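Quick heads-up: it's one chain on its own, the form predicted on its own, in structure tokens.
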Amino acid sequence: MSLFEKFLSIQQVREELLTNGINPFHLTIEKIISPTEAVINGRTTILVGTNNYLGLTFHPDCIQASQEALAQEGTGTTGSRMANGSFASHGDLERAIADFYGMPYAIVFSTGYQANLGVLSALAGPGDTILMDGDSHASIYDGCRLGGAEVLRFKHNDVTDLDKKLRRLGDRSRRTLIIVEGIYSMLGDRAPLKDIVAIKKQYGATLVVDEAHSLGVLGKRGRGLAEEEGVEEGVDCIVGTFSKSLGSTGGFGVSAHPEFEFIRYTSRPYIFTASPCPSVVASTRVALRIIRETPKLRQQLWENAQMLYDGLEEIGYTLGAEVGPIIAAMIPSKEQALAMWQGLLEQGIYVNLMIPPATPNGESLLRCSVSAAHTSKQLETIVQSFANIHSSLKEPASSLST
């Protein structure tokens, strides 16, 4: 059997999509107009699937900082920080992130994905145990595999199952790493973090929270779910990304443990990956400042999220349990989800199509990510387009609420 034969099943799925005239995974954005609009298939389209929660990708201060860094430091670093050395701006960004979280130690990675690979693989290795939420992001799964620890899953957001698994580990619980997310990317639900912190303390385990989708979104200062729940002191490490609320690329880890600094010497993704570009570092520092100084952006985001959630719920869609920047409409079948996604795109609305096996519980989803930059008129247009698609289907509206 050829190594390439394993791709035959994928080819069949791809051909099925193309037969239906739908190829959602090779969409080309021909021109970016603003944080909330782009040209797709020659049509001006409202973007509701970008994770650009605070709309900072076109903020003039971020653009100016990025342009100045390009002129002063060039287009790239051409190597890792371990091999080529750190630019002064790398250290400045790490100090800014540490200060933002009120923690003494921060490490910057080239992507959010690599932040999880780098931190998790360094923290837990052979002889250790990892307990991860079953709905964790792919980067968490891969980071756990890379370290070589024994990996166990507990049921999504189920603190009873977490407690049971820790109890079974006995003394090994003190060498156990628990991993959860602040906001989960598929359905937009939150970890029951207060209860998880209490269980973590009871067993003496270590807790990492991935705040990728909650940075800039939750908490008085925008630090995420740990701040919102008042349990930051009970979290050993926070990881996150720059590619959501901060509007750039890259990732980070922060911690109050002095030993966290030694991850630089043991993390393969940190040691062997080219460091972030100066322009990215510069725009990210400014975006952090904007999050701190402009809480009204979070307020606007939540007003927009409530408006879209209410509008879709009124139409009859079954949505995730919580209002938030991620609003997922659950669709009864993959075929219907594909048709609806295509119909929305033809009306100038881009959302994320999520189909099995990448989705929780094998459900098909139309996933919206709301931005503070969306206008009321845009949100009304989005809701109207969802209503048009809803009514055009052969199945009655009530069938989508099962």
Partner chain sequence: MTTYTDILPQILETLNPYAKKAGQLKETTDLVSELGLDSLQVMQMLLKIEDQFDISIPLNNLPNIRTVQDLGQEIETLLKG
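Because the structure is predicted, anything quoted here is derived from the model rather than measured. Positions refer to the first chain, counted from 1.
What comes next is about the form predicted in complex with its partner chain, which does not appear here.
Looking at 313-321, 265-273, 132-140, 300-308, the stretch with residues near its partner chain in the model of the complex, meaning non-hydrogen atoms within 4.5 angstroms, turns out to be 132-140. With respect to its partner chain in the model of the complex, the three residues 151, 155 and 161 uniformly fall within 4.5 angstroms at the level of their nearest heavy atom. Interface residue among 95, 167, 174, 194, judged by heavy atoms within 4.5 Å of its partner chain in the model of the complex: 167. Among heavy atoms of residue 361, some come within 4.5 Å of its partner chain in the model of the complex.
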